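There is one chain below, alone, in structure tokens, taken in the form predicted on its own.
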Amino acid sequence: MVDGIDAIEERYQRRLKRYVTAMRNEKPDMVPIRPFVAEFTAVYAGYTIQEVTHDYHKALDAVLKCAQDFDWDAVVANMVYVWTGLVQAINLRYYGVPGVDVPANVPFQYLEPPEDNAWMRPNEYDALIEDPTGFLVNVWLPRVSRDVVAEGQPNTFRNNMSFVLGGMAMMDYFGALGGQVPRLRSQCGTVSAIAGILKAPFDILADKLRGYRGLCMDMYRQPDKVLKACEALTPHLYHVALSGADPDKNVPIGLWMHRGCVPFLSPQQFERFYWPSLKEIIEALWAKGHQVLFYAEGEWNPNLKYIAQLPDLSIVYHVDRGDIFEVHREVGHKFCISGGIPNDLLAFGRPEDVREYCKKVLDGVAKDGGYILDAGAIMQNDTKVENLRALTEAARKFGVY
């Protein structure tokens, strides 16, 4: 048994070194594999999407089973991040939960607020700018929760219980999520791919406050307020990112990029509204030695000239719908690149097509190191098991240095 434990730990250290070496834009022994698998884990482990959303124990076990059965270097502890227990404890309005609001085998959905009744009104920028946390607690929370009463309204039992149950649910879930990291290490020899979370200030406005359509109008009607709101949110989001970061500074802070890409914003709008506050946060994190996983969901190639302004090695640039070969030409000398394998190919293609595409990407961007193999976007329940096996096999066959 001791020999088995030693072998697993040796595998973990080998994978960690491989993963970190690639992220530092250097050449490891072979290309790391770091698939961001979400509802795919449910399909593979024999659960419904409803089950892994309602019961996070099953979600964590499903990730563990994938890590045990596939030769992957790193995975996220759990990518099915909406847990019904927490959503319903607070009684949130902005998630569509499998088996409750959407069909049982459909991944959870984010519900965009109506333009005329967004979670933050167009005349409330000054309140947000003056006191972001106060605004979120006193104004935003009562709107997104069906149980929390608005400031000045009579208290209720359901209001009190939403805070008690929400706090208990947070402690329960995040305690288990923290325990998943040593489970992956001790049982599978697999690295936990990220630590901590960051969102762009503009994305907070678009995703959680004004909604995309409302924010589009604000950029024309009150652009200075939008900019000041992003500035006001910046120190808070930096603090959140830093508080969850890897103390050993090995794995990056996760950053999922949403509303800044084409066609949501033009490159000129990106430069003015989206980029300054996010750039400030990334530079501050890198000054403390923390990389950011720049998960560029959508098409970000038109913005590469701005992203190239970041310090060398400060990010790992993840490619979704962008041309990965162009990304490699433009910023591959500065940053490690990951992703670039189309999700529709993994969902609808054949294993031989997956292997051929992986070889093309490996030949084109990985020869000098600094590349991590992954799909373009998070893998949900439409990714075929045989295609993910083909991706894994291709990495081990064609990705050895």
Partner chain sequence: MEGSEMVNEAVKTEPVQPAKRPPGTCFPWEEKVGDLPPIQGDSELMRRVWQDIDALGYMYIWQVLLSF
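Positions refer to the first chain, counted from 1. In this text, all values refer to a predicted model and were calculated from it rather than measured experimentally.
Same protein, other form: the form predicted in complex with the partner chain, not shown, and the subject of what follows.
With the partner chain left out of view, the stretch that reaches within 4.5 Å of it through heavy atoms in the predicted complex is, among 273 to 281, 150 to 158, 69 to 77, 179 to 187, 150 to 158. Think of it this way: in the predicted complex, the partner chain has a heavy atom of just one of P267, P142, P223, G298 within 4.5 Å, and the residue is P142. Only one of E231, D131, D323, D172 lies close to the partner chain in the predicted complex, with a heavy atom inside 4.5 Å, and it is D131.
Shown here without its partner, the chain carries Y95, P114 and R146, all of which come within 4.5 Å of the partner chain in the predicted complex through at least one heavy atom.
Contact check for C261: every heavy atom lies farther than 4.5 Å from the partner chain in the predicted complex.
Of the heavy atoms in N123, none are within 4.5 Å of the partner chain in the predicted complex. Contact check for P107: every heavy atom lies farther than 4.5 Å from the partner chain in the predicted complex. Though the partner is left out of this view, G166 does reach within 4.5 Å of the partner chain in the predicted complex, counting heavy atoms only. Shown here without the partner chain, the chain has L233, P235, H236, L237, H239, V240, S243 in 217 to 256 lying with a heavy atom within 4.5 Å of that partner in the predicted complex.
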